[in-house]
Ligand SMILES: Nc1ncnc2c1ncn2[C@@H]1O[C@H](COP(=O)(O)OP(=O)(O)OP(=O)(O)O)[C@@H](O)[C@H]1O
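Below, in structure tokens: the form predicted alone, a single chain.
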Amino acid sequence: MIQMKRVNKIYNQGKNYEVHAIKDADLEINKGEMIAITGPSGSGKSTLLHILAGISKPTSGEYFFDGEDVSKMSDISRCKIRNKKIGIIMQDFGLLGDDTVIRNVCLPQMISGQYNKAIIEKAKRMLHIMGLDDVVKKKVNQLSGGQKQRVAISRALTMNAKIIIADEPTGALDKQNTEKLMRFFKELNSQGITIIIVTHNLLVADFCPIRYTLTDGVIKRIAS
């Protein structure tokens, strides 16, 4: 499903303040796997996530998603893949604070022109699963951090994503709700959805059968 070959990401290339964020990364993720990528702050985790999600392109190397070379795609082509196949749960939630919860959940379909009554009903079902029935019509800026996190997850589920990429998805949750959310991710994974979680939380990582560590831009698999 995902294959990286000698991927590098360099910011400010050729300048005195050049940063080599990802170094010769080789990574292969098969359909239906659930993996955690751990590492300290500044290790390159968010940069790697942005490449995996098609938000940014590598400076060099190859990145294939479902057999397509994402590293050579235009911004528009990468955006289409994100809207159709990848559910992204960002650390800052990626939500529109002044808009309603239901419209935030339906945002990918609104962008792609697939917004209709069936999508609205599915969004409501996902919000129900996440225990958010009472905030469907509220504006996002009225929600708690934990509620915003669950809205972001509901959006990923509504779009039938083949893969969910989550950046610190439990950052706004206490231990009890962290474990509840991770059990939910495990359930999704059992249905064939590929899950990639970027985290510094070892409790979260322990829920994932496959683990990688990222240190100074170098990724390595941790033996199970």
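When you see a residue number, it is the position in the sequence shown, counting from 1. Computed from a predicted model, the values in this text were never measured in an experiment.
Heads up, the form predicted together with this ligand isn't pictured, but that's what we're talking about next.
Is there any non-hydrogen atom of A21 lying within 4.5 Å of this ligand in the model of the complex?
Residue-level check for A21: yes, a contact with this ligand.
My question is simply whether P40 lines the interface with this ligand in the model of the complex - judged by any non-hydrogen atom within 4.5 Å.
P40 belongs to the contact set for this ligand.
Using heavy atoms and a 4.5 Å limit, would one call R155 a contact residue for this ligand in the model of the complex?
Looking in the model of the complex, residue contacts with this ligand do not include R155, since no heavy atom lies within 4.5 Å.
So in the model of the complex, does T194 come within 4.5 Å of this ligand, heavy atom to heavy atom?
Contact with this ligand, no.
This ligand isn't shown here, but in the model of the complex, which of 27-35, 64-72, 177-185, 43-51 has heavy atoms within 4.5 Å of it?
One stretch meets the cut-off, namely 43-51.
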